[in-house]
Ligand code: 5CA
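The chain that follows stands alone, in the form predicted on its own, written as structure tokens.
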Amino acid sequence: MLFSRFFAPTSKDTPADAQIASHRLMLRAGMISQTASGIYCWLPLAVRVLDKISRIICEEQDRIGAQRVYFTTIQPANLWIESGRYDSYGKEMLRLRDRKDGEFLYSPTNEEQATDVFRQYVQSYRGLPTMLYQIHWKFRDEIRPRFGVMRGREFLMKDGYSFDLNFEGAQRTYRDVFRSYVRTFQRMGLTPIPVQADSGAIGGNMSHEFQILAESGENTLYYDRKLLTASGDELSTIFAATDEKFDPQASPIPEKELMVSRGVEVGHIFYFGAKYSKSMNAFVLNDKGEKVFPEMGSYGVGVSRLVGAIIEASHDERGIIWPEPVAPFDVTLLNLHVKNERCCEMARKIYDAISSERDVLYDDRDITVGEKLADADLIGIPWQIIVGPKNLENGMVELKNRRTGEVVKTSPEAAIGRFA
């Protein structure tokens, strides 16, 4: 991608109303544009990150047998009346009427619709277990939207719904999803901290929040340092709690092993039994012809929230530092002097050699060297290949690691070989 043709309206100015790093940097990097309070347009740079995050999520969901769908964003109110949640959900739900005066709502979550789809097509135990998921836009009318995409009103979310014949099956599914979430966040370059949690408006009695560490996080986390190196099922057995649940007098962890950090919630999984299948009469017949109400679970990941959370966890005074798996591009190629024929020839040679295998942003803009270097650090692509006339005189280009700041001089061929 040529930067001269890429829609990324970067800015030097720090937005006055942006209180946290992710909000400031996403606006300055040209990733989002505010339309209304808590509602943003997602611009090309941000969309590339959303796509990378979504692909990892989908791969891990597919791996455990979940199947992708698209539920509707607008739902009839009668589904929520049937489940008993229409009046109790509160003012966060955006309610509306169509031209025939029918009552509808903009989806804040999809337990009811998933249950409705299930009951239409599955009547036998042979159709179990079933797990459906989607990545779709949602709306919750937050009373005080703030912190940019971290607490907006419109957001992209992965939500999944499982149906099992009995509690044992539901437990297996819950464990499968737990492990898949651990893998998902680890693949994004993150350290997930699973914390036992309340189920809130969703209902149920088995629930975990997944937090990632960030200095500006809304939650204070207390956890065993073993969590930083554990994986898989181990994570569900190691102590972690938020400040709301932590009692220092009853802590099971010795003080020297207890870690205290700020965290951002990026995922939440729930088991709630037959809460919705019973209220909506979504039964199946077992092998004896008896009615059974499936045991259900709900599993969410804040996809758009993750973009902000990753930035909160990974940035410096110059800008964003993307983990490689979710970066909008793998490499940014900087031609420091676009009017220098030799620089242009070498930059084009490098671009042609690696762009077929890697996502490359080639900065071919006719702007100052300082502006190019500042934008490269602001946008935070993991690797920079810097082509300038002085180094080319010695047959060299510069290779910079955005995370460490290390800059090495290398031959163009070696730079190509590093990425091709």
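Small disclaimer: the values here were computed from a predicted structure and weren't measured. Residue numbers run from 1 along the displayed sequence.
Just so you know, the form predicted in complex with the ligand exists too; it's not on screen, but the next bit is about it.
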**Request:** May I ask you to check whether residue 266 falls inside a 4.5 Å heavy atom distance of the ligand in the predicted complex?
**Result:** yes
**Request:** Answer yes if any heavy atom of residue 174 is within 4.5 Å of a heavy atom of the ligand in the predicted complex; otherwise answer no.
**Result:** no
**Asked** Hey, in the predicted complex, does residue 324 get a heavy atom within 4.5 angstroms of the ligand?
**Response** no
**Request:** Report yes if any heavy atom of residue 270 sits within 4.5 Å of a heavy atom of the ligand in the predicted complex; otherwise report no.
**Result:** yes
**Complete:** Only hit among 105, 182, 336, 157 for heavy atom within 4.5 Å of the ligand in the predicted complex is 157
**Asked** Using a 4.5 Å cut on heavy atoms, which of 151, 315, 275, 119 is close to the ligand in the predicted complex?
**Response** 151
**Request:** Among 225 to 233, 316 to 324, 240 to 248, 293 to 301, mark the stretch whose residues have heavy atoms within 4.5 Å of the ligand in the predicted complex.
**Result:** 293 to 301
**Asked** Within 4.5 Å of the ligand in the predicted complex, do 187, 329 and 384 each have at least one heavy atom?
**Response** no
**Asked** If you look in the predicted complex, which residues in 122 to 147 sit within 4.5 Å of the ligand (heavy atoms)?
**Response** 140, 142
